[in-house]
Structure formats: structure tokens, C-alpha cells
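Listed next as C-alpha cells is one chain, alone, in the form predicted on its own.
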């Protein structure tokens, strides 16, 4: 115990922060890309793609992320597919975030007043022009708060990746707690680091919301 100082604990935890941020960025970027594709299909082909997209959202919103991690990481191994903790965590978090982003952004588009659609139609704009020039800019302003909130959730949900052996912030705190026999210090420091990251994201989101509103 005397070999580990408080600085040693924080130093080793800070070394794991980039992996948490890296995994969070992968999850958000992957989820955003999938959700944009699903939204495009949902608006372009509402009768054909509407029900499958809703089913996709309900399945991944209605099942625990931890179970999804287990199924992907161990299920792929049972099928003979070689995988890594990073790949399994990135895939599950991307799919998980895409389900929430799809429903969130879909609701933001629907929240644009109907009069905006009617006014753009009266100008003779085509459907894609209505979406690109009139509806999406307004939906973007509405989507900032829930999207930032989801980003905070993604950062916190990266802690579940420790269950499959990916060494991010939470997994690093477990290792340090076992080595130092000071779990309160290790987990307290991790809670503080998570708070700093999430609070910083919230502040950036608040600033962006004000800029877009102007």
C-alpha cells in the first residue's frame, strides 16, 4: 500500500481516459451514421421502411446494453468469429446509440411546425429541398439538447465495456483498487473524472445551443 501514492492512482486513471473518450467517439460517430441512414429510409419510404426501423429501435432500446455486449462478445466467439473487446464494445455502443439517435432525431423533425412544411410546399420546393433547406435547420436546433444528453449517456455507458475486458476508465479503476486495496480512493477518483468529462460535454452543448439559437 505504501508503494502507491494518490498521484500514482490519478496518473494511472488519467492514462485510461483517452480510451474512454476514444470509445465514446466511435460509438457516437457510428450511431449517428446508422441513424442518418435509418432516418433517410424512414422518410423516403415510410410505408416500406417505417415498420422495420421502428422494430430496430424498439429491440435495441428495450434490451439491456450489458446483455448486448455479452451476446456479441461471446456469441461471435461461439460462432468461430474472432473478435476483440474493443470491436465488441464499439459495435454494441454504436447500435445502442443509433437506436436512441434515430428516435430522437425523428421526433425533432416531426416537432417542426406543420406550417413550415405547407409554406415550403407553396413555394414549389420538392420534398428533399423542403427537408434540406427548411425542416432540417430547424430540427437541428431542437436536437441539440437531447443529443448532448445522449452523448453524456454514451460516455457513462462505456463503463460497461469493462465486463468484456476492455481497459477503459472503469476497468482501470478496478485494477488499481485491487492493487492498492483502496477502493474508495480509486472509485472516488473515477467518479470525479467521469463528472469532469460529462460536465464539460454539457457546457459545450449549452454553448452550442446558444450559438444556434442566435
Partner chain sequence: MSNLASSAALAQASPSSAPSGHAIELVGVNKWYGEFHVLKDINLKVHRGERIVICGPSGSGKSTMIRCINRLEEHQQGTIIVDGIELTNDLKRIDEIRREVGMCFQHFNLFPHLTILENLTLAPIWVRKMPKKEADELAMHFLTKVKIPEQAHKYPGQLSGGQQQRVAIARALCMKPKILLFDEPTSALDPEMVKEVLETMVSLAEEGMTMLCVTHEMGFARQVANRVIFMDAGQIIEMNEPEPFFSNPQHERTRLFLSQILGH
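Numbering follows the first chain given and starts at 1. On a predicted model such as this, the values are computed, not experimentally measured, just so you know.
Just so you know, the form predicted in complex with the partner chain exists too; it's not on screen, but the next bit is about it.
Though the partner is left out of this view, residue 133 does reach within 4.5 Å of the partner chain in the predicted complex, counting heavy atoms only.
Although the partner is absent from this view, residue 83 stays clear of the partner chain in the predicted complex, with no non-hydrogen atom inside 4.5 angstroms. In the predicted complex, the partner chain lies farther than 4.5 Å from every heavy atom of residue 94. By the criterion of a heavy atom within 4.5 Å, residue 120 is counted among the residues contacting the partner chain in the predicted complex.
Partner contact region in the predicted complex: 136-144, out of 99-107, 85-93, 70-78, 136-144, criterion any non-hydrogen atom within 4.5 Å of the partner chain.
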